[in-house]
Ligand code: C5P
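In structure tokens, one chain follows: the form predicted on its own.
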Amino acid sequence: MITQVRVKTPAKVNPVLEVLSKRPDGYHELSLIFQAIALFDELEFIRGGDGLRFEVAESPEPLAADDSNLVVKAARLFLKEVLQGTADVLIRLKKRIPLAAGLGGGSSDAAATLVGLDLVFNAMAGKDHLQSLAAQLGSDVPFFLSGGTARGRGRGEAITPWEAAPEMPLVLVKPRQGLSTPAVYQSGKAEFSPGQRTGDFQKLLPEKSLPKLAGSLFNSLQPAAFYLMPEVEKLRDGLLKAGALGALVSGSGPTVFGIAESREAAERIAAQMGGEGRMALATHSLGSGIQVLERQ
């Protein structure tokens, strides 16, 4: 019997994010591209003890370990909908993806919780059931069940996996402060798009041309992020000046990512962009999603 599972789960960037319209339910209709990147949180699931327990073993910033955390929400949903009751399990999180950064860290952790619990309890919930649960937890959560490169529609929850994009050396730069996603949408500064940019980016993927892909970056929310936090625009401009082929706000921000011509160039640009309380690191795109590190 499996009693312990350990997984790592990636962050994401959005090379294209188009806001198409405002929906009657208050959400926005989106067409966007998700791209997994090599920056990971790690979660451990250990059967036993008394009830559901959650610990934050490591985090770059203070992180609530109560019912407000998406890991706890995902676990409670899984226990209710799949196991149909309670269970004795400890979930331990090592958090390395920055919070409130536009990198999907909380959503990635929620997806990993569904996968980890399914494995440790040998529940065999099935892909469709897990996707349904993920969509209840948040718009970005379903993507992380597949990872790699994918298109999102609706609120972002309707996922179509694509063939993995060519490896893109990336630089991530995040200012000290976070940025609220609701505030970005409510700012009135988002740029609506007719929806063709997502398809345009997909057509370029077979060419594997980093300059062309970098030239096709687009985010409807970028003007709003610039308006709410002018520092973000300076970081975008700084990445371009430092040699990035293209640079864009990821998701609702405030993290800005740049595509570099090589891993060495990404390392050099990251070294230039660090300091003043900013996070700056070199990474790369990833053709996979949640990875099982240990099962015993």
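Model, not experiment: these values are computed from the prediction. One rule holds for the numbers: they count along the sequence shown, beginning at 1.
Not pictured, yet referred to below: the form predicted together with the named molecule.
You can rule out all but one of 205-213, 124-132, 94-102, 175-183: in the predicted complex, only 175-183 has residues with a heavy atom within 4.5 Å of the named molecule. Residue contact check for Ser139: one or more of its heavy atoms lie within 4.5 Å of the named molecule in the predicted complex. The named molecule in the predicted complex comes within 4.5 Å of a heavy atom belonging to Tyr27.
Not displayed here, the named molecule is approached by Arg155 to within 4.5 Å at the level of heavy atoms in the predicted complex.
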